[in-house]
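For reference, the chain that follows is the form predicted alone, supplied as structure tokens.
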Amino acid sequence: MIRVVLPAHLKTLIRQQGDVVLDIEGPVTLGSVVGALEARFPVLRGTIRDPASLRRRPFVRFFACEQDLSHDAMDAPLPDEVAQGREPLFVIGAMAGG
């Protein structure tokens, strides 16, 4: 069981409050978690990662266990605490502007 904390605008898009809970088969990676999110909520396709390249969107960040995982490879394993459901994976919409 993986817990994912989404930003408010994505929660509104999927019409869900609170954390999203996912069951992941196989290795728990950023790619497998985002893939499971997109499979469960097809409306999210293209919001977190580019649908063609499968790379993270520029203004989306991933955090877990007080670590910025945004620049990790999508197939890199997530921390054990996340994989075992003890800590959530945070998907954050980065802010920009001046």
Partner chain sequence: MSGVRVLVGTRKGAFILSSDGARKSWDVRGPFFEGWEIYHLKASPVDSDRIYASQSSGWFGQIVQRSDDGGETWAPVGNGFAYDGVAGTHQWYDGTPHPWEFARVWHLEPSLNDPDTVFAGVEDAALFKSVDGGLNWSELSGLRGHGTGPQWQPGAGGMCLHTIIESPRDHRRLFVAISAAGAFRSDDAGESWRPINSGLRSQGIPDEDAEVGHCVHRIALHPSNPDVLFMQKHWDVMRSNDAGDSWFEVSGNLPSDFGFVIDVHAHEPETVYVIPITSDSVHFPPEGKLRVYRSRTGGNEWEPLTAGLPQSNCYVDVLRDAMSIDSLDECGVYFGTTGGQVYVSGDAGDSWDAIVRDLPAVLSVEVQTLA
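No experiment lies behind these values; they were computed from the predicted model shown. Numbering follows the first chain given and starts at 1.
If you look for the form predicted in complex with the partner chain, you will not find it shown, but the lines that follow are about it.
Trainee: Is residue 60 near the partner chain? Define near as a heavy atom within 4.5 Å, in the predicted bound form.
Mentor: Yes, contact at 4.5 Å.
Trainee: Does residue 94 make contact with the partner chain in the predicted bound form, using a 4.5 Å heavy atom cut-off?
Mentor: Heavy-atom contact with the partner chain at 4.5 Å: present for residue 94.
Trainee: Please tell me whether any heavy atom belonging to residue 40 falls inside 4.5 Å of a heavy atom of the partner chain, as the geometry stands in the predicted bound form.
Mentor: Answer no; every heavy atom of residue 40 is more than 4.5 Å from the partner chain in the predicted bound form.
Trainee: Applying a 4.5 Å heavy atom distance criterion, does residue 35 contact the partner chain in the predicted bound form?
Mentor: Contact check for residue 35: no, nothing within 4.5 Å of the partner chain in the predicted bound form.
Trainee: Let me know the one among 24, 13, 76, 21 whose heavy atoms come within 4.5 Å of the partner chain in the predicted bound form, would you?
Mentor: None of the others qualify; the residue that does is 13.
Trainee: Looking at the partner chain in the predicted bound form, which residues in 16-37 have at least one heavy atom within 4.5 Å of it?
Mentor: Result: empty, none.
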